[in-house]
Structures are given as C-alpha cells and as structure tokens.
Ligand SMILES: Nc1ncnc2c1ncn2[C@@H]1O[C@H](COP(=O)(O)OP(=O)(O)OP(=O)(O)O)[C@@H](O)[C@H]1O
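Here you get one chain, nothing else, as structure tokens; it is the form predicted alone.
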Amino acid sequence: MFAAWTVKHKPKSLNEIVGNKDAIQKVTDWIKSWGKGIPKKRAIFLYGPPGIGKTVAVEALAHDLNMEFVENNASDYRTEDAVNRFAGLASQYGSLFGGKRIILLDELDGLTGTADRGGVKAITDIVKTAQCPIVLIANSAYDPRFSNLRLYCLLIEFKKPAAGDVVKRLEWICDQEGIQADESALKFVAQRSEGDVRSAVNDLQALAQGKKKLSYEDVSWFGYRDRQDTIFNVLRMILYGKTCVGAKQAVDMADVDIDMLFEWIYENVPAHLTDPRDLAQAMDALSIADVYRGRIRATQDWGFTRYVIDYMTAGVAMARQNTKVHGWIPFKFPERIQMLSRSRAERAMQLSIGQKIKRKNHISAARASKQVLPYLRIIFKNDVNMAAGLAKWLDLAPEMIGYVVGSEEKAKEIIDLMS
C-alpha cells in the first residue's frame, strides 16, 4: 500500500528530529517548568521556515513525556467563537484521565487572512489564563497582527538544519526502505531541499520509489528548488510546448495549485500568443477549462480535474500555430490575484474595525464600517488626543489605528498617547 514517507517515517521521539537541538531543548525546559507551577509565559511561539520540524518536534515531545496532545490548525479557527470552542475549555482543564495536556495551534499565519474575525484576540485571551502549556506555530512571529500576542509568549526560533543532518535522516529512511543509496546522491537531495526536511523526504521518495539502488545519476537531473523559476519553466513548457504530453507533464512540476496555475496561464497567454487566431483558440481552450472548474465547485466531483488540465495545458500549447517568436517576453504575475489580494485585505481591515465598533455600539459590523468608520477617520486625522481615547475604548490594534489615520507618524503619536 502506498504511503507518503513524510508520514510513514515521521519522527516519534525527540532524538529523531533533524537539527534545532538548542531550540528543542528550550521547548523541553519550558514544558518541564510547568511541573514547578505555571510559568510567567504560559505559551511558546515557535517560528521559522516551513518543513523544518516545528510541529513534529512538539508531537514527539508530547509522546516522550506521555502528554495528551491536542492539535488543530489555527487557520481553521479564525473567529473568536470558534477559537474559544476549540482551545478555550481545553486550556482550563486537565485530560479526562488526569494526565498532562499540551495544546498546539499550528499555522497561525492563516489567521492573517480575510476571514479572521477576532481569532488572534481570542488566542491572546486564552494564553493569558491558560492552565496547561500552549504552543503556537507560524512561519513568522513578527507579523504586525501578532504584536500583542507576542507579549505573552516565549519566542523560540527554529532554523534550517545543516545539509549533513538532513543526509543522516535520509540515510536512515533508505535503511528502513531497503534502498542502497550513494552518499553523493543523498547529499544532492539534501542540498537541493535548502533545509526543508519535508521536501527532502518527498524528493527522496519520488526519486527512489520502486528502486533498490539510488545513484548520483538518478538524482542529478533534479534542479535546485526555486519556486519562481519553477513556475516560469512550467509556463514555458505550456506556452511553447510542442506536444500535448509535454505540456500536461508541466503540471507535475508546478509548485502552485491548479487554480493558481490557471491564473498564471490566463495572464500570460495574450503576450506570448500574438497571432489573433492562435490567441482566440487558446482563450477558447481556457474558457472550456474554466467551465469544468465551475462544475468542480458546483458538484465537488474532482474527476473533472483531468479535463481542466487537458484544456489549460495541451489545449493552449496546441493553439500555437502561426505566432512567431520575437525576442524575450517576460512572464507576469496574475493581475487578477494582485487586485483581489489588495481589495480583500482592505475589506478585511474595514470589517475587523467594524467588529470593534459593533461591540461598543450594538450595530452590525457592516453598518459600522460603512457609517461610523468615515467619522472615525476625520477625528483621528484632526484630534490625536480624542483619537487615542477612542482607540483605547474600542480596543483597536496598532495596524487598525494606522489604517484609520492613514499616516505612520500620526499613528505612532496616537499609540504613544494610549500607552
């Protein structure tokens, strides 16, 4: 039976974790300090690049210390009520059988999305009164939204492990799988991963699946992982592809999902297929692919994905019949995604401020953001003392104050007055 090696060979004990020994020791010391009473910092905030073992280290520690492990992705619990339902009660009581408990909220970066409605504040409130260890994990602890939360957490940075440490882990996996691997091959995989242990294990499985020996020649064709170069190469294979098979194979190289790849192709087709007949045929193929995307959303039948891929890759590649290549044409990031990101972020900020106003004025958040926010702007721009009072009363975060006043200098003046 097929199983991902990242799951099959996931470390179960701390001595199996790759690298970050100092950081892991700090986590262990903090957990053990709970045996002497509740520490000053009731939560730790682990941060660092993805794939380097932050989450699995906490799992392994809970296993080693025989603790009940309660985990969920914070990005799945963005509202105040949802966070309280998941972590609120769990943080106040012991486990069912009287054992020790540790709560993990992973992927806090997801809380910076547009759906966040009080999630960060709820986590902060829980951390202040927690009766058991709470571990928070994100790629970066220094997002402005976490500024208040950081005050109540012990920050511990996880760094990319050395290539030599990654090689040792890959050697162990090869032993478990009965694969005889050249050291040079494993070094190449480890160096290519750039410290991302999860990616290294995934690459090893892709390269060694079905083999009993793995040589340097088996891995040397793999290029270094560079996501921007990768998407450009994918687009090149599709927009300048000579065969349907080659264009479809490009999807396997993509480091983005199907929907994002569709946006990249849609954005760049007009610049690279300059003959009107070719462009019309390519856009027709993309429109059919989009129809199937709609059917997937409506029916949740993922079997339609094959048709989306066929039309947006092979369909576009085969449209090139009359277009001539005239020099180098750069690829552009999808403008529709940029526009949506900008407008989404602004709407999310307005709604977050509306939620704050709602709690004090008993009106809907939507109405507050439309009818009250404009007056707040006028006050904040013209009277910093009144602005400081209102900001404190409404419990506005620093980034909310900056958005309302529209000036970094005045925002700092208001924040200074509040403190």
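Start at 1 with the first residue shown and count on from there. Here the structure is a predicted model, which is why all the values come from computation and not from measurement.
Same protein, other form: the form predicted in complex with the ligand, not shown, and the subject of what follows.
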Revision key, fill the gap. The one residue among Asp259, Asp290, Glu107, Asp310 placing a heavy atom within 4.5 Å of the ligand in the model of the complex is Glu107
Point to revise | the ligand in the model of the complex reached by all of His9, Val18 and Gly53, non-hydrogen atom within 4.5 Å | key: yes
Practice item. Using a 4.5 Å heavy atom cut-off, state whether Arg169 contacts the ligand in the model of the complex. Key: yes
Review point. Hey, in the model of the complex, is Pro39 touching the ligand, heavy atoms inside 4.5 Å?
Key: no
Check your understanding: Wondering, does Val197 line up within 4.5 Å of the ligand in the model of the complex on heavy atoms?
Key -> yes
Check your understanding: Is there a non-hydrogen atom of Asn139 within 4.5 angstroms of a non-hydrogen atom of the ligand in the model of the complex?
Key -> yes
**Study point:** Segment that reaches the ligand in the model of the complex - one of 55-63, 360-368, 377-385, 30-38, heavy atoms within 4.5 Å
**Key:** 55-63
